[in-house]
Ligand SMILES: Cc1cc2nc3c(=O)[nH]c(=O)nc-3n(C[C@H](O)[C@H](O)[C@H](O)COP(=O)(O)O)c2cc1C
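This document opens with one chain alone, in structure tokens, the form predicted on its own.
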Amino acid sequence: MTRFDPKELRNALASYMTGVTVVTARAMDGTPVGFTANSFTSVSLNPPLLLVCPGNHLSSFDIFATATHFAVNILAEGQEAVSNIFAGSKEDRFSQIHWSPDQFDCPLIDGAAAQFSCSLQNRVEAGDHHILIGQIQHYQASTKRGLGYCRDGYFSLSRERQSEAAAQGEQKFICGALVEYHDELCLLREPQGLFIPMVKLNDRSGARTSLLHHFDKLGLKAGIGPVYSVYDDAENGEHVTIFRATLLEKPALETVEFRPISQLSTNEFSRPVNADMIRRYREEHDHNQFGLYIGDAVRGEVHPSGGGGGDSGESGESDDSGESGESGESDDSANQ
């Protein structure tokens, strides 16, 4: 049998563009489990069958290897943070997202493009994976576009079209701030979720002054500190500069919410870029060592500032595959 270099083989397989799913089930004690996977295939319409392939390196492998029911959640555009949580988070994953149980008590993730509740039809051992063939007992589908993935990271049809349109137009300039109050972060809420204070600029100049005026309008008294992140957001045609800031007093405003920095849930943020930046900020705050990120909304470098930080992408979680985190919980044929 020919022996291949596993990394090179995985890299070659990762050339194939796929969707992104989160496969879920329940342990015997009722604990919800799940992992990110692009090893998902429609098998048959009559009867309605699909398959997924959990790998034996998963911490939840024994649960999926004996499960009689499981669910497949096809993630929608904008759910990169959910994918990253189930690919690499060491925290309680289900406490970071919104979900509900299906008729078999398997978790269905809110906002997914489609959800399938399955009973096990067949299980096949295949090398270091099991092939689970599930018969679809119930499904829900929305009009949302699915999230895509390949070797270079996530992609979406909407994002590609918006990026092309933005490239043909004028670039917008945005500045914002991570506003700290002791060990809490000051956030604003919109219907889509939480976001940090941000304001549009006429050009690259006057960012600090414009941000201070914006704070005044919001009713926030804050001092602006060092730059934390500078990136180009091609999807929205924006050049973004983010500062760190310190709130001088805590206001009692309905539009403002405070979250303990150590407990920030990235799934609450309305924009994926915000969620990725918050993940890095939370980790750096824990060690009191902050770096300066320079790049774009997908890839860049963190430059040490005062001995802090390190070279990584904005998400601070993904490896070069863009999907598998440090814990190796992502499972797919190309990126495991």
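Keep in mind that what you see is a predicted model, and the values were worked out from it rather than measured. The numbering used is simple: start at 1 and walk along the sequence shown.
From this point on, the text means the form predicted in complex with the ligand, which you will not see here.
Using a 4.5 angstroms limit between non-hydrogen atoms, G291 is distant from the ligand in the model of the complex. The ligand is not shown here, and in the model of the complex it never comes within 4.5 Å of any heavy atom of H98. For H57, a non-hydrogen atom is located within 4.5 Å of the ligand in the model of the complex, even though that partner is not displayed. Though the partner is left out of this view, I278 does not reach within 4.5 Å of the ligand in the model of the complex, counting heavy atoms only. The partner is absent here; in the model of the complex, the one residue of R204, H182, K217, K90 having a heavy atom within 4.5 Å of the ligand is K90. Contact with the ligand in the model of the complex, defined as a heavy atom within 4.5 Å, is made by none of S117, Q121 and I136. With the partner left out here, the ligand still marks one of 296-304, 66-74, 33-41, 282-290 in the model of the complex; by a 4.5 Å heavy atom cut-off that stretch is 33-41. In this stretch, 232-252, not one residue has a heavy atom within 4.5 Å of the ligand in the model of the complex; the partner itself is omitted from this view.
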